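Next comes just one chain, in structure tokens: the form predicted on its own.
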């Protein structure tokens, strides 16, 4: 997803807000990093603007999520991980050894989602699904239990 500075400014103005350098930097960091915790976004933003604090990062991420520009998921017990809301819906695959985050098409879970809907009346929010395991990278495969 590419959000121009002018379209972000328009979205903010429509809510009575203005485009600040910090808001633009936070959005750019999320788009550049792909999947990132607030702490990772903070590190990226501080490379450009050293005075931005972590509270500003959290508040800006919450605002960008309300605007529909970013979304988050929980890939561990720590901070949420943010990514562009414009990405195709995907399931996160999280390696417990190296921490790598890969993605898989949610269609893989079609039969499971259909079964849960039919038997339980449960609708899966596939955008918030994360599976934990060990990835196929050689270093991790060697350390499997």
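Numbering follows the first chain given and starts at 1. Bear in mind that the values here come from a model prediction, so they are computed numbers and not experimental data.
What comes next is about the form predicted together with the DNA, which is not displayed.
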note = Given 90-98, 48-56, 106-114, 27-35, the stretch touching the DNA in the model of the complex at heavy atoms within 4.5 Å is 48-56
key: is_contact(residue 121, the DNA) in the model of the complex, heavy atom dist at most 4.5 Å   = no
request  = Verify the contact flag for residue 76: yes if a non-hydrogen atom of it lies within 4.5 Å of a non-hydrogen atom of the DNA in the model of the complex, no if not.
outcome  = no
inquiry  = Contact with the DNA in the model of the complex for residue 130, defined as at least one heavy atom pair within 4.5 Å: yes or no?
reply    = no
request  = Classify residue 136 as contacting or not contacting the DNA in the model of the complex by the rule of any non-hydrogen atom within 4.5 angstroms, answering yes or no.
outcome  = no
inquiry  = Suppose contact means any heavy atom within 4.5 Å; which members of 11-26 contact the DNA in the model of the complex?
reply    = 16, 17, 18, 19, 20, 22, 23
